[in-house]
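As structure tokens, the next two blocks hold two forms of the same chain, structure 1 and structure 2.
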Structure 1
């Protein structure tokens, strides 16, 4: 029972880790990305269509590229046309959802669903681990392991490389960064591509990793949960991944408890409530700090 829940928690966590890392990178560059959900949806559809050609690797690349371009275009709107990032993100979600349905109708004559023959599913990795470890860790798809490998990689890039340093600098102060010759706009656009690409992979995991088909509700709002995770993680990759894991566990537990009288809809709102609570606590702490400073001066 516990091992099953943990196994499915890791499954639920995978798309969240991918998308929230993307959101984290974009946010480090200075943009709050509300469009992760739409890019995930796009990645899910593209992956399924390409995987039907028989190669899951091609499907992953295609999902990452297409959603990456969406993220890049979104960033262009924000950096070059100074559009509000939140509105653009929400608009992108609506537009992509529309485009996906439009395409399904135009190309397949179907409304909202797509089932294709010969879909090449993501391969699963079996680990010869004993007992409960094997039950939890064995049998996950490659993308799960890639997602977790990306966590230390992201942390390393952000803190230890020139690129990460510049990204953080541009995210904190575009004016000061531009003054010493960096290109904050290009940085944000590049980060937007990465955010899109990672969300696209998250979508691909849902369509060709978990279920093997596509429907328009496949993301289940996970793009917004990812938003909650990177808000919660405050730009720290490990903390963000830990939040994603927490939300993944919620998800797994909630699926288990469904039909046993537990209010699934309420459990699903927990991540969102937590974001509000965290923001409230941060705000209270900031005020206490300011008051403390005032008191020590007085």
Structure 2
């Protein structure tokens, strides 16, 4: 049973890792992306439509580009029009959800669900590993391994490259970074495209990697859990991925508990309850640190 839970945890963690890394990159540039869930929803729909043509690679590219453009447009509203990032992010989620519902009704006559023939699913990689390692690590899709490969790559780019240094400088102070010749608006807009692209891949994983169909609730609020993950990770890719894995484990646990006599409506809230609990613990820890510093200075 433990191996089954861990296997499911990796499945549930994949979209969280992708979306949370995108949010981390965007936050490093100075913008908190609240629109991750809407971008995931857009990527999931685009991926399913393109995958019905029989090519999962084209579906991934289309999902990344469409959601990336949505992230770029969101950043434009913030950088060029000085709109509030929280309002723009929430508005984007609502706008995409409404547009998706309208498109499904107009194009397919469907009210919230979409099944298409000949959908090309993401290929799975079987690893020749013995015992429990094989049971946990083998059989995952190619996007799962791409997601985890992006964790050290993101850490390296942010800390070891000129691009990462410039991105973090723009996130620290737009005025100071502009004074030394950087372009904070362009950096934030580019980071918005990357955040959207990774969120689009997260949505594509859900539609053509896990279930093979689309429905309006396919993200299940995972974009907001991804937001919490990069917030807990404090702009550190490995810590962010660890938080995403923790949420993935609780998501896998709640799925297993549903078939063992527990009320499904209550068990489904487990990952979200854990988000609230972790937020509370982080808030208490920050308060204690602040009180300790105040006492030492006093």
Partner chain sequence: MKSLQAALTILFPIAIVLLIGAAALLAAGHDPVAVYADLMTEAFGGTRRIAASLSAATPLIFTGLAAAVAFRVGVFTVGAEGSLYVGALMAAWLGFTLTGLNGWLLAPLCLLAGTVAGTLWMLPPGLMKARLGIDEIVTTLMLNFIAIGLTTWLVNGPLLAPGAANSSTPQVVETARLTRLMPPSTLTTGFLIALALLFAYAFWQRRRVGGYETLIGGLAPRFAGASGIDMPGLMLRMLLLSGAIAGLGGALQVLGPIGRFVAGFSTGYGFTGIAVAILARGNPFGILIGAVLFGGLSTAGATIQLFSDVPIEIVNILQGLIMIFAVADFGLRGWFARRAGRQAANGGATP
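Note that the structure is predicted; figures quoted are calculated from it, not measured. Numbering follows the first chain given and starts at 1. Just so we're on the same page, rigid core means the largest C-alpha set that superposes within 1.5 Å between forms.
In this comparison, the chain shown as structure 1 is the form predicted in complex with the partner chain. In the core-superposed comparison between the two structures, residue 275 has its Cα shifted by at least 2 Å. With the core fitted, the CA of residue 284 sits 5.9 Å away from its counterpart between the two structures.
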